[in-house]
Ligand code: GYE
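Before any questions on how it binds or moves, here is one chain, the form predicted on its own, in structure tokens.
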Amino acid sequence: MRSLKIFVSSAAPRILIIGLLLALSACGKPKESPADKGIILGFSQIGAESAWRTCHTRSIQEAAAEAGVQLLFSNAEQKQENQIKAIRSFIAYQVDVIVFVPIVSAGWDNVLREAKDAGIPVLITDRKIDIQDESLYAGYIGTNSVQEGRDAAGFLLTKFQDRSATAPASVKNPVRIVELSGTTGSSAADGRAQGFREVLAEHPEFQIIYSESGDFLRSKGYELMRAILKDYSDIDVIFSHNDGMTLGVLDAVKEKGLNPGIDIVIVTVDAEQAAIDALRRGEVNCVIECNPKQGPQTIALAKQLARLETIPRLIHVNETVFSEGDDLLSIGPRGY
């Protein structure tokens, strides 16, 4: 059994003590085969800013416990520097595998090279990274953000098909879109924006008149929407990159005396329970699922990496689209 040392960085103070205590109990009864005994996983999450994020964390924690994998957890509190320090503490601790959600796409080369030099495989989850040497990480599992953007635009093409079919070349009656994007530099925000624009590129009647980051936060969604409604009186569509911001948008739209879902078409991403409830009330027109329940697949991949097995470079989790024309009563509880 390896000798154990505890590393706690002041910039990443939330490596859970319970996770370390689990590490110290490696001699307890294993739930897995002997080949899986004693696997230690370092997991860095970006924060707890939404019900979606909390569910994603819980899914991985529960799957690790079920599989007998000992989990060291760090909450980066929305700061990349905290994640980098947490990953370095995992390397010093000599975990078997590192899993992390990159808050932004760039800036990971050095710390991942340190992990590779230490012989520790790295699995990226939820958000993707932009890195010159892709051999520095083993694979990615998570959402297809580009497809989510495409699905959002596809709904709008159907929703406004009458106006689109009759739009003249000069586009005298455009569909005016406000976009609230996610955290600047994150693959989720970049992908959703890219996919959305890809589909609408051939349809000039759809015009993005305003786009700004709300950092995936409800409070910023509310603040941005209040300001936007003061400057724009003829908005047809709001495309929000996540449900947290959308809930803030709904508050601001109602405060203005408008009917969300009727006066302004609203498309959102995540499919939290609150967004599905708003869809049922007719306040949201389309919800693109971003599936947070990635734990079982993530832990299965981590176990493969601990056994020095090769895993697929890219795995996208299953996701769906819920819209106003669906049988909304058939949607089960979301769990987040």
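Numbering starts at 1 and runs along the sequence shown. It should be emphasised that the depicted structure is a prediction, and the values quoted were computed from it without experimental measurement.
Missing here is the form predicted together with the ligand; even so, the following discussion is about that form.
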**Contacting member of Phe100, Phe216, Phe90, Phe196, with respect to the ligand in the model of the complex [4.5 Å, heavy atom]** = Phe216
**Asked** Tell me, which of Val95, Leu180, Leu71, Ala188 has a heavy atom within 4.5 angstroms of the ligand in the model of the complex?
**Response** Ala188
**Item:** Proximity to the ligand in the model of the complex (heavy atom, within 4.5 Å), stretch among 279-287, 48-56, 61-69, 302-310
**Value:** 48-56
**Message:** How about Thr143 - does it come within 4.5 Å of the ligand in the model of the complex, if we only consider non-hydrogen atoms?
**Reply:** yes
**Touches the ligand in the model of the complex: Thr246 (any heavy atom, 4.5 Å)** = no
**Message:** Residue by residue through 62-89, which ones have a non-hydrogen atom no more than 4.5 angstroms from the ligand in the model of the complex?
**Reply:** none
